[in-house]
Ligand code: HEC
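In the form predicted alone, a lone chain appears below as structure tokens.
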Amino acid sequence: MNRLFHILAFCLAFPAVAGDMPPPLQDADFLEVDPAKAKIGQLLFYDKILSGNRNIACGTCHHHDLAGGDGLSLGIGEGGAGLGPKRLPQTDTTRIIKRIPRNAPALWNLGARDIAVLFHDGRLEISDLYGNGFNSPAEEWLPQGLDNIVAAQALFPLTARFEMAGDPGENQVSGAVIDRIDYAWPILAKRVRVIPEYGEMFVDAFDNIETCEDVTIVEIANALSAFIASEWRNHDSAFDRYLAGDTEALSAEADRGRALFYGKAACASCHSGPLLSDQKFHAIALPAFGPGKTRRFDPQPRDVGRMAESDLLSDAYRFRTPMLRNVALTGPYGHNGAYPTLEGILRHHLAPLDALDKWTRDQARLPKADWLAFVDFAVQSDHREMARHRRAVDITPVDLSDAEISDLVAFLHALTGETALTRPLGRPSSVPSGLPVD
């Protein structure tokens, strides 16, 4: 048993107590945002001009109507039609050849200053490794000048084949990515800056931009970051009021759930600190399905999580601890959306292997695509892979009654912000490119 597992087992054996509750989040805990840049970011977030085939936007999979997500276990990216659970995997002329391998992550509070790692597998980290401020899939080709990790994150869906770039040969963007990831970004930047309304907005908002010709993918990413950091910032839940000193902010049921969260249930062993995440990686044996995040030598669909980035066997099947504010709004849950309900994902955490054995495929929210059926659950027929998956569990089972589980669910609902569904800018009715807005 490796040293990391011993440390995790020790921590889980001694759950956090009520005294471990975090301090309340303050304005100073978040990045400062220029409203003019955020306004540009709002438009770009919903503008399909940033996709290879001009048919999908960031907002398609992170929509305001769906609390910044898409309501699916595994989403439908490039080539689909529609929005959220009603999104179809085909149009009259095309049909997708792969689902998005992982659940669309929530965007809440990504503008917190303490965030140092993003994506389910942590493939983007603040680092000086490549001289540009980040350790990322773009390595040394990630451009200089990005304001923060959220700006860096915004660049990668644009170059992902099944998310926004499209298939090779379909457009300039997807073709450029085949040659090198950073070759695609100037193509997208030119699309944006030649639109007069965008050009004028960038000149007005950015001190370093004198003419529209100066706009690069860096300014586009920084604008998207400003929007994401401000739009999805929210920490006015009943729990936040409780942390600020209002001891009556929580209902009796939610308060019992809080005591369990920070005590017997040991949730705070991982969901710790002001952001309710330790920003580390843990294996909890979620049911495996979907196309996976396969590497060149993987024999069939699978997802080894953090190991794919670190190349450490000890990281196999570990995924980043999600933050929990507004979690009641952002199902399905898990890195692949295995559970549609809070109770389901809670029960899994309390007894991972028992829950894994009881899980049924109908719990996965997967828009019907008969031609993908042979892939959707193929990994479950690999008995050796499933055995490895079962062995990598960092959670010690906890025995709770149904009433206690109900209290925990009530506490998680108490993490929903009072203004969570009333965002500062919202979805625009139109965008400068003239393309339709989802």
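Predicted model only: the values in this text are computed from it and were never measured. Throughout, we count residues from 1 along the sequence that is shown.
The form predicted in complex with the ligand exists for this protein as well; it is not shown, and the discussion that follows is about that form.
Comparing 176-184, 129-137, 329-337, 248-256 against the ligand in the predicted complex, the single stretch with non-hydrogen atoms within 4.5 angstroms of it is 329-337. With respect to the ligand in the predicted complex, the three residues L43, L88 and Y198 uniformly fall beyond 4.5 angstroms at the level of their nearest heavy atom. Shown alone here, F319 lies within 4.5 Å of the ligand in the predicted complex, counting heavy atoms only. Remark: E163 counts among the residues lining the ligand in the predicted complex, judged by a heavy atom distance of 4.5 Å or less. Looking at K37, you'd find every heavy atom of it more than 4.5 angstroms from the ligand in the predicted complex. A residue is said to contact a partner when one of its heavy atoms sits within 4.5 Å of a partner heavy atom; H62 meets this definition for the ligand in the predicted complex. Think of it this way: in the predicted complex, the ligand has a heavy atom of just one of V379, A67, C58, V33 within 4.5 Å, and the residue is C58. Shown without its partner, this chain lists S269, T216, N222, S237 as candidates; in the predicted complex, only S269 has a non-hydrogen atom within 4.5 angstroms of the ligand.
Of the residues in 332-357, those that come within 4.5 Å of the ligand in the predicted complex through at least one heavy atom are, in sequence order, Y333, G334, H335, L342, I345, L346, H349, L350.
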